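Heads up, the chain below is alone and in the form predicted alone; it's given as structure tokens.
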Amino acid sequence: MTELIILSLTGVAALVSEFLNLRKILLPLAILALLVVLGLSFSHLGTSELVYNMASFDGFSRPFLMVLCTLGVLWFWGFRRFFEAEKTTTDYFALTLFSFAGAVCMVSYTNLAMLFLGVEILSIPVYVLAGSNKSDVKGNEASFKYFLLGAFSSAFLLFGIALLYGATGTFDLAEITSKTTNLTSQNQGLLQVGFVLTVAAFAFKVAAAPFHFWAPDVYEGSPTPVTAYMVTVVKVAAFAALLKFFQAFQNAIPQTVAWSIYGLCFLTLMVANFIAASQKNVKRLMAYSSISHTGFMLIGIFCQKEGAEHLLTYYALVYGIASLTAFRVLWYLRNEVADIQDFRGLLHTNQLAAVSVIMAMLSMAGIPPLAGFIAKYRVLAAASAAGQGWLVVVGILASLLAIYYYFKIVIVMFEPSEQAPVRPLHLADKVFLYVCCGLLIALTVWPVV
């Protein structure tokens, strides 16, 4: 509970700092708050705290909190100039911190009412951040589209929760799990429909096909730092919530529903990678790349019966760090409509930025022995152990397709160009890229998450 209070109070402090003229301390304050939450989560590993039967800070939620805080610190650090350049700095900090508070609710909920609150607290600030560049038509379109489809997904979520309550008479996950084996046929039908509707709502949030169609436009139209936030912090929180939800119902899912879920994984991988291969805009390519990784994480959730949280935290951490690295270099290019050709010659003008992107791309592509390969291998091993060998084949084919479009970015960096960016990186940005590359190497050498 302390973790949630710290983030919420820091968000309130960001709001009042405008009146107190303390805007300069907001960045270190936000990073300090996340580091404190990270330290508390690490120090309390192995303990459990139940908060009014609505949320639980335990062995499931604390590792996800540590991943979220790590990504959050890196995000604030890497994209700090996004806040410095804006007149509404305090609003941006407040929105982001309140969004983090929603993420904490999503990874720790034990009651479906808390799940809904967490989803809305996380999502509403991001709707605003997506359209924060008011003079950008694409940004306005991205914000409106994200809000509209987010409202639809919330409706699906509420309807699903209502049916689950009608079937079991409770919002508490533990009680729902205990009651799923003793339901009448009518209530069993309500339970299954409620489960499907709730999973559909989660599919919107994580951009799983065929509920992915909002993601490329929203990711492209939003400011690059906001896109980086959505594909890391928002996605990780949504996956943690989906995993907890699925674990509560996994023994009550009929085979027909299970095959529909596996079909969701297949469709997500195939649609994302085939469309990504034809993209020229880097942000749209990264959007479809994010959808592809959604497919892999869905396989991990639905195939790994025990210990799925360890598999997912490792995958999310590796993917999140690699994504932040790639988006930070894209932000360095300072071109909101960046084409792949904008990376041309980068290796000749800024070796650190180019090597960082290469490491990020190779990791996301799953090239051995990098951490991304280990993460994908664990997912496919879980699918094989679950008797879903066909998903292993699909995952391998998807990874081969991914190599093609990731390497398009890598290859152009080696080509000479007179128009390659020659702006030097600031010292803090150099340290940021060194840290991200170091973390990817550490997760390769020591994949113990």
Partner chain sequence: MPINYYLILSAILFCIGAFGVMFRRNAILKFMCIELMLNAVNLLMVAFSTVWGQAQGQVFVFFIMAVAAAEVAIGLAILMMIFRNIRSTDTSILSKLKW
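Residue numbers count along the first chain shown, from 1. Every value quoted in this text rests on a predicted model; they were computed, and no experiment measured them.
This protein has a second form, the form predicted in complex with the partner chain, left out of what is shown; the following refers to that one.
The candidate site formed by Asn21, Ile25 and Phe60 is entirely out of contact with the partner chain in the predicted complex, as no residue has a non-hydrogen atom within 4.5 angstroms of it. Interface residue among Gly102, Gly194, Gly131, Gly345 relative to the partner chain in the predicted complex, by the heavy atom within 4.5 Å criterion: Gly131. Comment: the partner chain is not present in this chain, but in the predicted complex one of Thr256, Gln351, Asn251, Gln186 has a heavy atom within 4.5 Å of it, namely Gln186. Proximity of Gln247 to the partner chain in the predicted complex: non-hydrogen atoms within 4.5 Å are absent; the residue sits far from the partner. Not displayed here, the partner chain is approached by Ala167 to within 4.5 Å at the level of heavy atoms in the predicted complex. Taking non-hydrogen atoms only, Gly221 approaches the partner chain to within 4.5 angstroms in the predicted complex. In the predicted complex, the partner chain sits within 4.5 Å of a heavy atom belonging to Lys138. Stretch-level contact analysis of 155 to 163, 296 to 304, 224 to 232, 260 to 268 against the partner chain in the predicted complex, using heavy atoms and a 4.5 Å limit, identifies 155 to 163.
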